[in-house]
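Here are two versions of the same chain, shown separately as structure tokens and labelled structure 1 and structure 2.
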Structure 1
């Protein structure tokens, strides 16, 4: 298993390089640069020579391949470059924002996985019932409606009309820092909103996977042996339905990170979402590259974790690995 993990990590390196090349090329194809984003022509008049000096100081006068090689040199030194806008190391700025984003994303994933799988199993056990049809309609709405709409609706209903949950922030107490109780209280609404889309899809996948498993011969044999329905469903049915559910869970992870950008902006959650929006607006290329590489690395590690979970769900995977 250790050799398998090492092989997967080595295979991920070329993939990360391709992601870096494509991302760097696309952001440099956009019109303008960081200097254009910093200077407002209506408020500050700058000559062409002044702008050229700024571009030369920031290295923007060099060609795209030269800038990319320079950025790779920063990675070799253990950094992700320096922000054009603040001059701070990219890695240090991301480090201060990554934990709130991971907290929000992990909570949303846990909620969507647990609730979505539970709803899907119950829908499969009660096939064609009113519960099944209700869940089907609710899942269709959850998948079809954008996350930002749910965020705005939840903000209006639960933070403005009924004032059940706070509308913004992470739960910091002035002079005391982050409060665990307030943090959980502030986390509930954005995490639920972020989990809706993934939960709806997980419900449909769990229902389909369980229906296929419950029709299998080994489940019929287990029932014929006189085993209780609980043992049949959980030990023989659910465990064999885990493989597709693990796959779907990890495939939805990039979507969770993408949805977190909007949710963090709407709920003023101090994570990487706000940092990404600021970097794009400021055309801060090193910051955009750093954020892209961090998120890509997290997704690749999650896919590796999914392969390791396959071994738990199906012992035959251990032999093949």
Structure 2
């Protein structure tokens, strides 16, 4: 098992390098540099020598490979460069935003997995019943309605009309810090909204996977042996339906990070999403590159975790891998 984990980690490294190369390439092949983005030519009469001095100070006069090596050096030293705008080290700026985003996405992932699987199993066990049809239609609506529209509707109804939940922030009180109770209270609405799309997708997959498994011969055998329905469904059925569910969870993870961008913007949740939107709006390239690296590393790590879960759920993976 340890060898397996180690090998999977080693495979991720070249991928991470490839991501670094392409992130850097895309940003540097784009027409215009950060100076052009920073200074509006109509607003400010800047002389060519001024601009060149600024380019020199920011290292933009060096060749592209030189800058790439310099940037890689920064990554290895655990720094990721400095923001063009605030001058802060990119990594420390991102790391102060990483926890709120992880809190939001992890909660949404757990919610969507638990509820989605549960709904899927209910729909499969009661196939063609009213439950099944209702869940089917509900999940179709769930995957169809864009996250940001859901967020606006939820905010309007739950925060403004019924005033059940707070409309913004994560429960940080100046001077008092973050109380857990208040934080969870602020978390519920955005996390639920973020989880709906994935939850609906999982309901559909769990239903299909469960129906597939329940038709298998070993389930019939288990029933014939006289095992209780509960044991048949959970031990023989569910365990085997788990494998496609892990795949879906893994495939949906990047989408969850994308959705967090929108949910954070609407609920003013102070995470990486807000930072991204700000950085993109300002063309703060070091920040954008840093965010790309961090987000793709997080996705790679999550894929790794999913692979390990695979190996846990399906012993064949361990032998053949």
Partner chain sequence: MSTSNTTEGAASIDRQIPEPRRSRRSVWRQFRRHKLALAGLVILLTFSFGAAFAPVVARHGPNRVDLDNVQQSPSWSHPLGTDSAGRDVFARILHAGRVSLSVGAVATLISVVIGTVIGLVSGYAGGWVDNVLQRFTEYVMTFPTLFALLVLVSILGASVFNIMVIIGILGWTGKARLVRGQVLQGRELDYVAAARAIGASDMRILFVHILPAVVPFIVVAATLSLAGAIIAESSLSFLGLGVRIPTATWGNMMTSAQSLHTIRNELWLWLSPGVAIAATVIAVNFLGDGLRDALDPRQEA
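Residue numbers count along the first chain shown, from 1. Everything numeric in this text was worked out from a predicted model, so none of it was measured. Under this definition, the rigid core comprises the largest set of C-alpha atoms superposing within 1.5 Å between the forms.
Trainee: Looking for the form predicted alone among these two structures; is it 1 or 2?
Mentor: Structure 1.
Trainee: With both forms fitted on the core, check whether the Cα of residue 308 differs by 2 Å or more between structures 1 and 2.
Mentor: Moves: no, less than 2 Å.
Trainee: Aligning on the core only, does the CA of residue 23 end up 2 angstroms or more away between structures 1 and 2?
Mentor: After core superposition, the C-alpha of residue 23 moves 2 Å or more between structures 1 and 2.
Trainee: Spell out whether the Cα of residue 67 moves at least 2 Å between structures 1 and 2 when the two forms are superposed on their rigid core.
Mentor: Residue 67: C-alpha displaced by 2 Å or more between structures 1 and 2.
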